[in-house]
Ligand SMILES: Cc1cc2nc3c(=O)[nH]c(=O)nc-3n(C[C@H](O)[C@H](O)[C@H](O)COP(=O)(O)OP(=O)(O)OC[C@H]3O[C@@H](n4cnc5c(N)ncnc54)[C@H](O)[C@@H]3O)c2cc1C
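In structure tokens, the next block holds one chain alone, the form predicted alone.
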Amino acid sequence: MAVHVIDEANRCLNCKKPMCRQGCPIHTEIPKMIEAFKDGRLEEAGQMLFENNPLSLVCSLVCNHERQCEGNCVLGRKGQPVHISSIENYVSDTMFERIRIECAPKNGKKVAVIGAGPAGITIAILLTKKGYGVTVFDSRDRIGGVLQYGIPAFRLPKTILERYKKKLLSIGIKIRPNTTIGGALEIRDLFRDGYQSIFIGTGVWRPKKLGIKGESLGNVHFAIDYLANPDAYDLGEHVAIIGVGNSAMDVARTVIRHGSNDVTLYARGLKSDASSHETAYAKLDGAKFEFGKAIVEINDDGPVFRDVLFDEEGNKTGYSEETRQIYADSVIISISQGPKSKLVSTTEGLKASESGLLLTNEQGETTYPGIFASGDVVFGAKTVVEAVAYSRIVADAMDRYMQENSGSDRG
């Protein structure tokens, strides 16, 4: 490994008030985990991580550690923080197959989980542990959601998701791939067939458009579509990417790995919206950046921009009168995405906001009794660890709901 985890573990100060834990959205007991690791209690460390965060193995690779655990390590104030992510990854990866998931006896109640992304996987594991019979429905052929189809393999090896699938099946979770709820099957069919509660974790798969002329041209693509299957695209040598978030960095690095040698990201602002690490890796891979560029339209030759004008404090003051044509073989739009509307349009009483996100209370219950939701379909595109943290709250709420409504008939 690039980082020797034993050396990193020995650097941990085991702070009485661990700021690393406070910086973690799911409050992982980092010093306790590191102490168990140092003492040779690897199985205990792995169990501790998984019990707190079933997607610990994934989060150790894809979390924004510099803004979370590692960014709050006290050693980082005057030097380098402990490389917590490497320790977590070593423990979680080594112990994953040996982790015990203890499940209560089956209680006879069934739960439907719609969407096999981070939120859906978390809910499925937690409710199976409580004794529920869980079936996971996903519109695609493989589990993982954004982990499978939105994060490149060089950041998250897809073999990890196959290992998760085996783990889910081993504790009795049923998986129905290539099954869209809101198509042939609807929510009412699930209640008819005896599911006492339903969880929606369908993510955000509808690209947000710029609203400018040229977005339907053949040389224009959306980031979320491209990342789902990069091999399907022939982008050419020169590629322009509109946007500078983490997803745009993934797009740029993937495009370069697929043979495009001239890749530039364009942004209205003056700095990258992605983490400093992701931005640095994109630059290292060969991506170029142009800031202060407002896109006007896209034509067959590529994007057309105006310069954004700023004052000395960096405040936007206007736009240049002249436009500039950028010649590119392909343009990829990466400015976020929103939810699809099939479930809302086919389920009377299930309400969404103007942006299409499902409306829920603090416990994740939607406007339709018995249906719960969390993850990106509620909050918009967030991090994996945030989806897991909130899904733990929702799993408890679903359990309470089913206990309180155990005698009701939803058929």
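Note that the coordinates shown come from a computational prediction; the quantities given were computed from them, not determined experimentally. One rule holds for the numbers: they count along the sequence shown, beginning at 1.
Although not depicted, the form predicted in complex with this ligand is the subject of the following passage.
For the options V111, I114, V255, I295, the one in contact with this ligand in the predicted bound form, meaning a heavy atom within 4.5 Å, is I114.
Exactly one listed residue, out of K165, K129, R155, R306, brings a non-hydrogen atom to within 4.5 Å of this ligand in the predicted bound form: R155.
The candidate spot formed by G46, N53 and R392 lies out of contact with this ligand in the predicted bound form, as no residue has a heavy atom within 4.5 Å of it. Looking at R140, you'd find a heavy atom of it within 4.5 angstroms of this ligand in the predicted bound form. At the 4.5 Å threshold, heavy atoms of T347 stay clear of this ligand in the predicted bound form, well away from it. The closest heavy atom approach of Q337 to this ligand in the predicted bound form falls within 4.5 Å. Contact between I99 and this ligand in the predicted bound form is not found at the 4.5 Å heavy atom cutoff. Contact with this ligand, judged by heavy atoms within 4.5 Å in the predicted bound form, is confined among 86 to 94, 257 to 265, 279 to 287, 219 to 227 to 219 to 227.
Contact annotation for 156 to 193: residues with any non-hydrogen atom within 4.5 angstroms of this ligand in the predicted bound form are T179, T180, I181, listed in sequence order.
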